[in-house]
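Coming up is one lone chain in structure tokens, specifically the form predicted alone.
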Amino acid sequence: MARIFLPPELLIPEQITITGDVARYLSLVLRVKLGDHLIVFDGSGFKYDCTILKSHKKEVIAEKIKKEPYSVESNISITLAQGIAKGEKMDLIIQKATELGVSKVIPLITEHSEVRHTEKINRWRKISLSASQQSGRDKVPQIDEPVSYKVFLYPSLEEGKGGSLKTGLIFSESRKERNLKQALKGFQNIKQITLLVGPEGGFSKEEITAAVEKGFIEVSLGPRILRTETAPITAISIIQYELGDIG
């Protein structure tokens, strides 16, 4: 069944007109045809059951049948601050993090980052949109512009080494004695959490120290070393199981 996102202002009339990339996606990729069922999410908590009246690569017209409240969003808001991974690894991280219910992804340029400049932000946003539609989410995660690790920890130049503490976890292979399951016992009543995951090569000692000073808890994902694309998928899954809506 086809699922798409449209802004609320396009969903006011009983017959909605879909153009541009979304029309091409519906007609050429999903191959919707007259009479097919279409679900439209407006990103603000409603879904619309629709029937296709016309399907063309330049324009798709659908009739609204029913509007109802809808949400499959997790009760915990997860921000993934991810050291930018090489090649298609970051694509995979964005896709799977979206499917698992993250609210935001912040691509980080860290000390060990091999990728220090990227033009892929629009690609990542399209991947997140597609993954949201495929998994039936009613909101698309926010994919931020890449930012340096220092700016992430200290977003204001006036903040210096002080500033507010953050609620989150930084993953490190050097802290085997404190695993994620143990650390989450202290997060049972929180509604927001930020995960710091390093790129290939992980975080430097200085980066870990700076994060801990800002309030992050250093934890391990177990005795085995996980790849940068495996670590966030594992961590998000465990957090959703322990604190969120996977069970």
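So that there is no doubt, residue numbering starts at 1 and follows the sequence shown. Everything quoted here is computed from the prediction, not taken from an experiment.
Not pictured, yet referred to below: the form predicted in complex with a small molecule.
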item: Check all three, I18, D21 and S55, heavy atom within 4.5 Å of the small molecule in the predicted complex; value: no
item: Partner-contacting position among V60, V40, V32, L221 - heavy atom within 4.5 Å of the small molecule in the predicted complex; value: L221
item: One residue of G201, G45, G186, G215 in contact with the small molecule, assessed in the predicted complex (non-hydrogen atom, 4.5 angstroms); value: G201
item: Interface stretch in the predicted complex with the small molecule - options 32-40, 47-55, 190-198, 66-74, non-hydrogen atom within 4.5 Å; value: 190-198
item: Interface membership of A231, the small molecule in the predicted complex, 4.5 Å heavy atom rule; value: yes
item: 4.5 Å heavy atom contact, E99 and the small molecule in the predicted complex; value: no
item: Contact flag, F171 vs the small molecule in the predicted complex, heavy atom cut 4.5 Å; value: yes
item: Contact test in the predicted complex: I238 vs the small molecule, heavy atoms, 4.5 Å; value: no
